[in-house]
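In structure tokens, the next block holds one chain alone, the form predicted on its own.
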């Protein structure tokens, strides 16, 4: 059983409700049909009910009738949502009229449904840019208590099983925050640990990466990683984390033992936290292409409830997998 199949089986145990904001988009509908058929999650589709049922018939989808369909032009809980939105963002100029207009946008409606507790998570982005998905999520769902930064993790499945957890590693941040502060980098480390437990299913051993190992180089960039490591340990004292470590010291036992003697992480890391988005994005793409690894993600982390963004080039299978991942994240939340 491959990794995504394992995640799907895990998601079935939680019976979470995931909202698909792009409910009339072909790939979303076909994915919803599979999810409902296999019992991976409950599904809310946002869109015109007549159009959804027509498309389901056109695509020969047999299980869409099990989904809850919410029409953004005729929302049963509209007043409850408006009241919630005004209470959260009235100080930002959100009046009942502004809230009502925002709810006509499926991405805003999906985010507010999650905030209201009517869905456990959201998957969108097949037809929208990442910024469009994140904007309403950040406005209404917001980040977790104690977390101010959103980041993106990739589950890396390597052919060489000597690395990480039998070939599985988690990389972050590879998708969202360009130049995190030490505080933000610490938050990224802690949330990536949570993602690792919820989705990858193993205990994280986190290496905070740099071009220095334990003081071998002196630079303000190194200082940031050292401070981030200290702050992450304060945030979660049970976290297995060490830094600063060079990449080879983090993943090769012999080098780890030589460069960082006494470290429980050096040479045995299964989670790599990069010092900047530039480094993380370059690193995951190099590993993906040159080592022929499978990169699953990005999985967005740090939100108070899971909101995940699809690539606009995604497949039906990608959507099914990301819904399963989102359900697992929701179980952790």
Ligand code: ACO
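Numbering follows the first chain given and starts at 1. Given the structure is predicted, the values throughout are model-derived calculations rather than measurements.
Here the subject shifts to the form predicted in complex with acetyl coenzyme *A, a form of this protein not shown in this document.
**Q** Quick check on this chain: which one of 212, 102, 240, 177 has a heavy atom within 4.5 Å of acetyl coenzyme *A in the model of the complex?
**A** Selected residue: 177.
**Q** Go through 148, 219, 95, 216 and name the one with a heavy atom inside 4.5 Å of acetyl coenzyme *A in the model of the complex.
**A** After the contact test, the surviving option is 148.
**Q** Evaluate residue 142 for contact with acetyl coenzyme *A in the model of the complex, applying a 4.5 angstroms cut-off between non-hydrogen atoms, and reply yes or no.
**A** Looking in the model of the complex, residue contacts with acetyl coenzyme *A include residue 142, since a heavy atom lies within 4.5 Å.
**Q** Would residue 131 count as a contact of acetyl coenzyme *A in the model of the complex, using a 4.5 angstroms cut-off between non-hydrogen atoms?
**A** Residue 131: contacts acetyl coenzyme *A in the model of the complex.
**Q** Closest heavy atom of residue 54 to acetyl coenzyme *A in the model of the complex, within 4.5 Å or not?
**A** Because no heavy atom of residue 54 falls inside 4.5 Å of acetyl coenzyme *A in the model of the complex, the answer is no.
**Q** Heavy atom to heavy atom, is residue 154 within 4.5 Å of acetyl coenzyme *A in the model of the complex?
**A** Yes, contact at 4.5 Å.
**Q** Thinking of acetyl coenzyme *A in the model of the complex, which stretch from 241-249, 220-228, 254-262, 167-175 has heavy atoms inside 4.5 Å of it?
**A** Going through the listed ranges, the match is 167-175.
**Q** Residue by residue through 264-296, which ones have a non-hydrogen atom no more than 4.5 angstroms from acetyl coenzyme *A in the model of the complex?
**A** Result: 277, 281, 284, 285.
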